[in-house]
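Only one chain comes next, encoded as structure tokens, the form predicted on its own.
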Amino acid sequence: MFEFCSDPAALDTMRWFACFFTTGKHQLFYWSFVTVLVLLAITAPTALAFGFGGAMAARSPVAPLRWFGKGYISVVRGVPDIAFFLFFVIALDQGFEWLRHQAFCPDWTDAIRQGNDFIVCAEAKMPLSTAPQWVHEVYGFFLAVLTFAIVFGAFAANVLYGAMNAVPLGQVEAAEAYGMTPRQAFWRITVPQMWVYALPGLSNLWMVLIKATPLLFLLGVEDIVYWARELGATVLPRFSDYPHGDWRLYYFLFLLVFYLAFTRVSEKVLARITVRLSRGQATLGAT
């Protein structure tokens, strides 16, 4: 904050806004954009890894593994995202604490589940009550990334499963005829060629993932939508040095521009990737 912000009541319009947009809460608002971008940067490859594993499991000749892969795809895709987020974060958190409780407190005699309460020993809490605030924030962010990755990994698995099946069977058979094992044919023929078939679906999934980031507030993460709502709400003079009316419309318009610009840049990047992957392939994207 600037030096002239010591007396907000004496500021002219431009200086008032300069001070208003550099308050501590606005600094958190700006950092929340970094939080969203970091979440996307970590979640996208993690969800892709979940998806690849789910697609391989769904194609497995081992029946239990195949059932697990197809069940993962069907169940997660069939549950509304908001319901899954509300349930799964609690389930993950309690699952971690239950495992730690079994390891650190073997002599515990009381029931862990007591009515609506889930009670574990102090050593099993995630994170510990004595941990600094940044540990709690990192743990909440970790749960958010894991939840997003599991949800969108199921959609990615469905896309990759179809892309693997779209690779011409004749090419795989030709590779095996040249002496490749089924595993070698999969990694050298199927996997390199499947991406051109998967990219349209993965591109749509990336756009959906961007639009799903406002659900972070359900996971306890203070994201850009949370701060836009907080900062834009009416502030009375007795509660702040920078009182204002209901400005949420302007904050959300700013978020609208941000998301539109981000998706536009994503479209450009994805179009270039599509052209690159289509080289030498008999597809409409080949040049």
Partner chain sequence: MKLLTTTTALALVAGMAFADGHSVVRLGTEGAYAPWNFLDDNGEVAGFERELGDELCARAELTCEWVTNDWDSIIPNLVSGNYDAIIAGMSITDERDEVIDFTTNYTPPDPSNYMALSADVDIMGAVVAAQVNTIQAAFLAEKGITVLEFATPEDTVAAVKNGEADAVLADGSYLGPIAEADADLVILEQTESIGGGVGMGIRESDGDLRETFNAAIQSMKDDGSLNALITKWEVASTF
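From a predicted model like this one, the values you see are computed outputs, not experimental measurements. Numbering follows the first chain given and starts at 1. Take the two forms, superpose them, and find the largest set of C-alpha atoms that agree within 1.5 Å; that set is the rigid core.
Keep in mind that the form predicted in complex with its partner chain is missing from the display, and what follows is about it.
Taking its partner chain in the model of the complex as the reference, which of Leu99, Val191, Ile119, Met180 has a non-hydrogen atom within 4.5 Å?
Selected residue: Ile119.
Taking 4.5 angstroms as the cut-off for heavy atoms, does Tyr242 touch its partner chain in the model of the complex?
Tyr242: contacts its partner chain in the model of the complex.
With the partner left out of view, is Lys25 within 4.5 angstroms of its partner chain in the model of the complex by any non-hydrogen atom?
Result yes; Lys25 sits at the interface with its partner chain in the model of the complex.
Might Tyr226 be said to contact its partner chain in the model of the complex, defining contact as any heavy atom within 4.5 Å?
Yes, Tyr226 lies within 4.5 Å of its partner chain in the model of the complex.
Please check if Ser60 has a heavy atom lying within 4.5 Å of any heavy atom of its partner chain in the model of the complex.
Ser60: no, not in contact with its partner chain in the model of the complex.
Residues in which of 60-68, 44-52, 31-39, 232-240 have heavy atoms within 4.5 Å of its partner chain in the model of the complex?
The contacting stretch here is 232-240.
May I ask you to list the residues of 85-111 that have any heavy atom within 4.5 angstroms of its partner chain in the model of the complex, in sequence order?
If the 4.5 Å heavy-atom criterion is applied to its partner chain in the model of the complex, 85-111 yields Ile90, Asp93, Gln94, Glu97.
Is Trp108 displaced by at least 2 Å at its C-alpha between the shown form and the other one when the rigid core is overlaid?
Shift of 2 Å or more: yes.
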